[in-house]
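First, one chain by itself: the form predicted alone, in structure tokens.
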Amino acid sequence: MAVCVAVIAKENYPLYIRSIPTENELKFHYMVHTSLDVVDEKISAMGKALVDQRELYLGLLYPTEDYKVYGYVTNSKVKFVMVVDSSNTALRDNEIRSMFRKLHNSYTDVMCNPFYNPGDRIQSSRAFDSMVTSMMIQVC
């Protein structure tokens, strides 16, 4: 179960951040922004190693005592960061990948909307909101 989902623009500003326990919202914002350094490291390491560019999933960025932070980067360098409760041991890597694929597909739908200006915050998409909400409340 994801406790925080974030979409970060190419220039590292948030397009969308949502967390479930709203009393810890600032903590999750901090975790997302600190994970961007790890994302940049992994992207630069991939570029040097000439790894397959179709692999967009970055995997576990870093664990903390209570949470695990995972990352994903699109071809246009938009970053998805997901914070998962570490007490959920049933959540496997392939399930995290499928959650990121769903998030990427939903983000693509937002981008295809002719009324959305690329680079603006994602605020008016009910379909994107409901997909993120379903990812957060699903119990794996």
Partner chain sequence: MDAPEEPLPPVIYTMENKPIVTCAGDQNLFTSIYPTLSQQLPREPMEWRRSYGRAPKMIHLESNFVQFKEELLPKEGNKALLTFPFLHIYWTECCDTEVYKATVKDDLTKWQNVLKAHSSVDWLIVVVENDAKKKNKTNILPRTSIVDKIRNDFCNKQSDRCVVLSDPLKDSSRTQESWNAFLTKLRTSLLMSFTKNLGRFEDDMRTLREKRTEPGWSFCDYFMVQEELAFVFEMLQQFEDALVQYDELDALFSQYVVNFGAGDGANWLTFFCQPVKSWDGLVLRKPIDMEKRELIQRQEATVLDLRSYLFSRQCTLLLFLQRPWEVAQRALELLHSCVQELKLLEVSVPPGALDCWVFLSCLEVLQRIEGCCDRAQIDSNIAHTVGLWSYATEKLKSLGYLCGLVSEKGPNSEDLNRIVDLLAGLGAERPETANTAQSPYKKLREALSSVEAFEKHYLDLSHAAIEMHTSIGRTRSARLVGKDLAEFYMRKKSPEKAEIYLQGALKNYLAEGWALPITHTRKQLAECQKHLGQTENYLQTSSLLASDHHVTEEERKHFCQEILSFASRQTDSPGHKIVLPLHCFAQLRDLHFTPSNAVVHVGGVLSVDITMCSQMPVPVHVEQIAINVHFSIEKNNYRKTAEWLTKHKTSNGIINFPTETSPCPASQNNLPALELYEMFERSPSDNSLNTTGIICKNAHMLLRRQESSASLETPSGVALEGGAHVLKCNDVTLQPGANRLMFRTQAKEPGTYTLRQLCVSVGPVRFVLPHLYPLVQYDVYSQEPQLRVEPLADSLLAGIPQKVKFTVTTGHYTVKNGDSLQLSNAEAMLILCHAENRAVIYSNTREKASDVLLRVQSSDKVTSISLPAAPAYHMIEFELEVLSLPSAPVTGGESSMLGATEPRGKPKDTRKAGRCMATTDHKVSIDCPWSIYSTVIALTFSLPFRTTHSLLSAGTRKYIQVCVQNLSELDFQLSDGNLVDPGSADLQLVPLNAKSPQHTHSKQSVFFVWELKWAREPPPSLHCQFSVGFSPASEGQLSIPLKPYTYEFQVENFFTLYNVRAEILPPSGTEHCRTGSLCSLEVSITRLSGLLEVDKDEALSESDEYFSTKLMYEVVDNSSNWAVCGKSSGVISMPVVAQATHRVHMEVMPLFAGYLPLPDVRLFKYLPHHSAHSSQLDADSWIENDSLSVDKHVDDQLDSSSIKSRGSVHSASSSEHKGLPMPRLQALPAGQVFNSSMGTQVLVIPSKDDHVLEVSVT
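Between two forms, the rigid core is defined as the largest C-alpha subset superposing within 1.5 Å. Numbering follows the first chain given and starts at 1. Here the structure is a predicted model, which means the values were calculated and not measured.
Although it is not shown, the form predicted together with the partner chain is what the next lines describe.
The contact residue chosen from Val73, Leu103, Val32, Val110 relative to the partner chain in the predicted complex is Val32, the criterion being a non-hydrogen atom within 4.5 angstroms.
In the predicted complex, no heavy atom of Glu23 sits within 4.5 Å of the partner chain. Ile17 belongs to the set of residues with a heavy atom inside 4.5 Å of the partner chain in the predicted complex. Contact between Val3 and the partner chain in the predicted complex is not found at the 4.5 Å heavy atom cutoff. Remark: Gly59 does not count among the residues lining the partner chain in the predicted complex, judged by a heavy atom distance of 4.5 Å or less. Relative to the superposed rigid core, the position of the CA of Glu23 differs between the shown form and the other one by 2 Å or more.
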